[in-house]
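Single chain ahead, written as structure tokens, the form predicted alone.
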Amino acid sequence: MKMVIAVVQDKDSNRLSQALVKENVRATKLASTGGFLKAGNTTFMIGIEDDRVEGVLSLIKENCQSRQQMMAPMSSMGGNADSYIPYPVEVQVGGATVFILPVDRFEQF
């Protein structure tokens, strides 16, 4: 058994959630926030049998696409002025960051 932890952009969250339900994959959704863009994310925690991990990864890949987005300048207030960007820049967002961890024991009550 594995624990798949997938951090996805909120825009992809509903699509992935629906795909997981359609394939009878149980998941717990947690609201989270990214550190770089300070944007909303959704973290999925999925307990899954070893032989179904690749299928779950395929669902995540199919439903969480990266895209380009303009990022507004970050305020230099309280921060290092050297890292201040005075104009909007295009950054890649979306996709998914996925961690796969072994599960020693699983109980369901």
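Residues carry their position along the shown sequence, with the first being 1. These figures come from a predicted structure and were not determined experimentally.
Only in words, not in the display: the form predicted in complex with another copy of the chain, which the text now covers.
Peer 1: Please check if residue 40 has a heavy atom lying within 4.5 Å of any heavy atom of another copy of the chain in the predicted complex.
Peer 2: Heavy-atom contact with another copy of the chain at 4.5 Å: absent for residue 40.
Peer 1: Should residue 52 be classed as touching another copy of the chain in the predicted complex when contacts are defined as heavy atoms within 4.5 Å?
Peer 2: Contact check for residue 52: no, nothing within 4.5 Å of another copy of the chain in the predicted complex.
Peer 1: My question is simply whether residue 14 lines the interface with another copy of the chain in the predicted complex - judged by any non-hydrogen atom within 4.5 Å.
Peer 2: Close contact is absent here: in the predicted complex, residue 14 is far from another copy of the chain, nothing within 4.5 Å, heavy atoms only.
Peer 1: Could you confirm whether residue 20 comes within 4.5 Å of another copy of the chain in the predicted complex, counting heavy atoms only?
Peer 2: No.
Peer 1: If we check another copy of the chain in the predicted complex, which of the residues in 12 to 29 reach within 4.5 angstroms of it by a non-hydrogen atom?
Peer 2: Result: 26, 27, 28, 29.
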